[in-house]
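Take a look at this single chain in structure tokens; it is the form predicted alone.
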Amino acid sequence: MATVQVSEAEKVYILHGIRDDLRVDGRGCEDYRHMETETDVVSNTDGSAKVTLGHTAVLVGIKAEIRKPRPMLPDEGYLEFFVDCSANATPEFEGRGGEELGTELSNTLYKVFNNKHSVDLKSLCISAGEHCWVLYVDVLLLQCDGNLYDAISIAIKAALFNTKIPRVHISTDDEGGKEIELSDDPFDCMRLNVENVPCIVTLCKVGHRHVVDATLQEKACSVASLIISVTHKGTVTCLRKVGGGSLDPESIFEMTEAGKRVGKALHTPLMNLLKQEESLGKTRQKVGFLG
């Protein structure tokens, strides 16, 4: 992951500010940076979104394809994740520098989203044991300024909200076989219920306190982080500790409660924003993923 060098004097300044609930950029310990969300930014996908969180920018595109269900779950579809760390985001991603981070992010996304609490996978089933929808979620990191997990999860939720899956009509031929026809009408489509799609909240332990949406400078002062994915009801679907330092049980409890509180508060304004943007229709101003 992208890192920065911080002097001892800067560390003391950051630590003292966080201790007094006043971070370098003026935020409190549980405040996010300015966030911008835009959907339908990539034309050749079934759903897309771009999220900018501070100077971190993430682009997500979703393609739906018909595949055979997994043998263990014949009546469910599934999601596939791929994260590409663009060399433009940070020089550290040049060559194969971003592969390890991309794999780590993808593996975490599988744990967060592939469960019954996050996405209604049964709604992606076309015919049990034969055909289902597979959603290929491609994530591209455009800029990296800390807190990748949170930005990616918000972008995925926005892209899933924007995803339009063609309506499927199944008919039987003369020999009893099934034929699948996709509707050509762009308005005859299936939309996913994204209410339960979780948002990830990353809490970094800095000194004796924890902060939400850490910058790269704050991350450099952190001993360990806790990644928590939370639904709009406060259900935790994934909990993961990252970083070389240790966390005591009391800190884990406090960070988990803070993550649930911040995560629940994040869903309502995000859903309202997505619905408001969609209601504008063709009248809304598009910025695009290069804006």
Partner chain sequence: MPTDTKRVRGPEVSQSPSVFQCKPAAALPSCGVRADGRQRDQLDVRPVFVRCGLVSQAKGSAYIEAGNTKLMCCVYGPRETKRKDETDMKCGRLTADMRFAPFSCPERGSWIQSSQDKDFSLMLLESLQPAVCLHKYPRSQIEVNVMVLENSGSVLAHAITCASLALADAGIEMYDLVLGCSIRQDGASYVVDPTYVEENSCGSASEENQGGLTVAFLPSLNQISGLQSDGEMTKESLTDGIRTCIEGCYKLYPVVQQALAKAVRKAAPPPSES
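Keep in mind the model is a prediction, meaning the values are calculated, not measured. Residue numbers count along the first chain shown, from 1.
This protein has a second form, the form predicted in complex with the partner chain, left out of what is shown; the following refers to that one.
Notebook entry, point to check: Out of 262 to 270, 247 to 255, 53 to 61, 29 to 37, where are the residues with a heavy atom within 4.5 Å of the partner chain in the predicted bound form?
Noted result: Of the options given, it is 247 to 255.
Notebook entry, point to check: Which one, 127, 88, 193, 107, lies within 4.5 Å of the partner chain in the predicted bound form by heavy atoms?
Noted result: Comparing distances to the partner chain in the predicted bound form, the residue within 4.5 Å is 107.
Check: Is residue 117 one of the residues lying within 4.5 Å of the partner chain in the predicted bound form, judged by heavy atom distances?
Finding: Close contact exists here: in the predicted bound form, residue 117 approaches the partner chain to within 4.5 Å, heavy atoms only.
Check: Even though the partner chain is not shown here, does residue 222 get within 4.5 Å of it in the predicted bound form, heavy atoms only?
Finding: Residue 222: no, not in contact with the partner chain in the predicted bound form.
Notebook entry, point to check: residue 103 near the partner chain in the predicted bound form, any heavy atom under 4.5 Å?
Noted result: Although the partner chain is absent here, residue 103 would touch it in the predicted bound form, with heavy atoms inside 4.5 Å.
Next item on the list: With heavy atoms only and a cut-off of 4.5 Å, decide whether residue 232 touches the partner chain in the predicted bound form.
Entry: Contact check for residue 232: no, nothing within 4.5 Å of the partner chain in the predicted bound form.
Check: Does any residue in 191 to 230 get within 4.5 Å of the partner chain in the predicted bound form, counting heavy atoms only, and if so which ones?
Finding: Sequence-ordered list has one entry, 226.
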